[in-house]
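Presented below, as C-alpha cells, is a lone chain in the form predicted on its own.
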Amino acid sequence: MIKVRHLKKVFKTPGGDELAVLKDINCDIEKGEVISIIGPSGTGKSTFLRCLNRLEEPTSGVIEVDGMDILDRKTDISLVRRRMGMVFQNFNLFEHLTILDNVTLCPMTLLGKSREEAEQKGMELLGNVGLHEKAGCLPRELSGGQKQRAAIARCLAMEPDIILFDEPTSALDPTMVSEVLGVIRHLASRGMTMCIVSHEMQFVRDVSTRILFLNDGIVYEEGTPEQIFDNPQKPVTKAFINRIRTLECRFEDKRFDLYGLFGKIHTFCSKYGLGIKTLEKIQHITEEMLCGIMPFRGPVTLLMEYSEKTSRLCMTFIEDNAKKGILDGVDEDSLSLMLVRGMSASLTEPQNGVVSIEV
C-alpha cells in the first residue's frame, strides 16, 4: 500500500547548519497492517509520519501510495490526504464548532456530501467512539480523552484507507489514555490500516502487526511484536526495550579517584531511583573489585547497566587485552572475593578479562 525508499529529511538550524533527522528510511506498509513506530525521543518518528502525507516535505527519496509517487510535483496531494487521515497529538479541533460540526465539515466541503448524509454518518461515528451524547457540545466542554476520540471520529468521517496516529495519547492525562487506546484497538480489529507513533509500549505490543524501531535516522530494526520485545537483535533496540540505563567509567591504573567514582555512582542511583541499600552494595562491590581483586594488567572499564524492565543492575568489569581470567589466581577464600560473592545475586566470568556481577 505504501512504499518508502531512501527517504531523507534535512532541517536547517538557526545557525545555518544542516540537521539530518531522517537519513535513509526504507519500509513497506501493506493493506490491513498496524505498523507502530517506536524509538528514543528525537529520532524522527513524527517527522517520518508527517513526510508520509507531505505535511513535511522530504529532502529526497521516494514515497509511493498504491504505486503513485506522492513526491511528484504533478501529484494532487490533497487527493492523497483524503485517503490518508491523520490524528495529531493536540486534537486540532475547531473550537468554535460543535463536535458534530467538526466531524461533518470536511465530508460536506471535500467529499460533496449533503448535510443530512454527513450528519447521519457523523452521529454513527460519534456513537462508535462513545460520544453520541456530546455531539452538540463545543470542544472546550470535553475532556482531553473525549477530544481525541472526537478527532478520531472526524478522521474516520473522510473514509480513509489508512490512518496516521502521531502520539495520540501524549497530551492526555494518564487516566484518559485507555479510552483513546480502546478506540484504536477497535479500529485495528476491523482491519483498518494504521501507522502509529507511540510511547505506550504495552499498547504497541498488543495492537501491532509489525514494529519499526527508528534510531539515528534509519529503520534500525523491524519485526513482529514478539521479535522486537522478546528477542531484539541489536544493542540499541535491547537497551530501549528494556529501558537500560548505563554508566561507564575507565581507569588507566590503580591510582584512580575512588571517591570521585563513588560520586558518579551516587548520582546514577539517585537519577534512576535505586535505594540507599542498593547504592551501598554497589559501592562496596566496586571498591572490593577495583582495589582488591582486579590485577590491573592493563586499563580497566566498569560498565553499569540498570534495566527498568527487570529492576536488575549488572556491573561488568573489563580488563583490556587480557590473556587470562581476572579471577585466575585469586584465592577463593580471600576476603574481597567472599564479600563480592556475598553481596551479588550472581557472579560470572564469561570470558578472559571480563567479570559480570548482577546485583
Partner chain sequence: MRNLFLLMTAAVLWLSSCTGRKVQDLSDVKSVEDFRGHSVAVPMGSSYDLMLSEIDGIEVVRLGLGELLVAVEKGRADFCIQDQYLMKILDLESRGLTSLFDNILPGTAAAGFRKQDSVLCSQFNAYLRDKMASGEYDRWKENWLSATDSMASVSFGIPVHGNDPDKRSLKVGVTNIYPYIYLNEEGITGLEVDLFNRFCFSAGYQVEYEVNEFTALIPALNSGKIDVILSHMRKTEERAKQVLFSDSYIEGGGAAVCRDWNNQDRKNRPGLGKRLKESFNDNLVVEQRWKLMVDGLWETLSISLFSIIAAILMGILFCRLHMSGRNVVSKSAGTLIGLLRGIPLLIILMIMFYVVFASSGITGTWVTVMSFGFYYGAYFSEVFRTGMESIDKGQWEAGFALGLGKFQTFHKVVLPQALNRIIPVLKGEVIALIKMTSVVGYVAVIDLTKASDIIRSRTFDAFFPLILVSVIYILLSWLVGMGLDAIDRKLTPKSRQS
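Because the structure is a prediction, the values reported are computed rather than measured. Numbering follows the first chain given and starts at 1.
Another form, the form predicted in complex with the partner chain, is not on view; read the next lines as being about it.
Undergrad: Flag Phe94 as yes or no: does it have a non-hydrogen atom within 4.5 angstroms of any non-hydrogen atom of the partner chain in the predicted bound form?
TA: Contact with the partner chain, yes.
Undergrad: Would Phe203 sit within 4.5 Å of the partner chain in the predicted bound form, counting heavy atoms only?
TA: Residue-level check for Phe203: no, no contact with the partner chain.
Undergrad: Might Met84 be said to contact the partner chain in the predicted bound form, defining contact as any heavy atom within 4.5 Å?
TA: Residue-level check for Met84: yes, a contact with the partner chain.
Undergrad: So in the predicted bound form, is the partner chain close enough to His199 to count as touching (4.5 Å, heavy atoms)?
TA: Contact with the partner chain, no.
Undergrad: Among 295 to 303, 326 to 334, 39 to 47, 52 to 60, mark the stretch whose residues have heavy atoms within 4.5 Å of the partner chain in the predicted bound form.
TA: It is 52 to 60 that comes within 4.5 Å of the partner.
Undergrad: Here the chain is shown alone; which of Leu71, Leu279, Ile244, Met158 has a heavy atom within 4.5 Å of the partner chain in the predicted bound form?
TA: Selected residue: Met158.
Undergrad: The partner chain isn't shown here, but in the predicted bound form which of Asp173, Glu116, Glu226, Glu141 has a heavy atom within 4.5 Å of it?
TA: Result of the distance check: Glu141.
Undergrad: Do any residues of 96 to 130 have a non-hydrogen atom within 4.5 angstroms of the partner chain in the predicted bound form? If so, which ones, in sequence order?
TA: Stretch hits, in order: His96, Thr98, Asp101, Leu105, Cys106, Thr109, Leu110.
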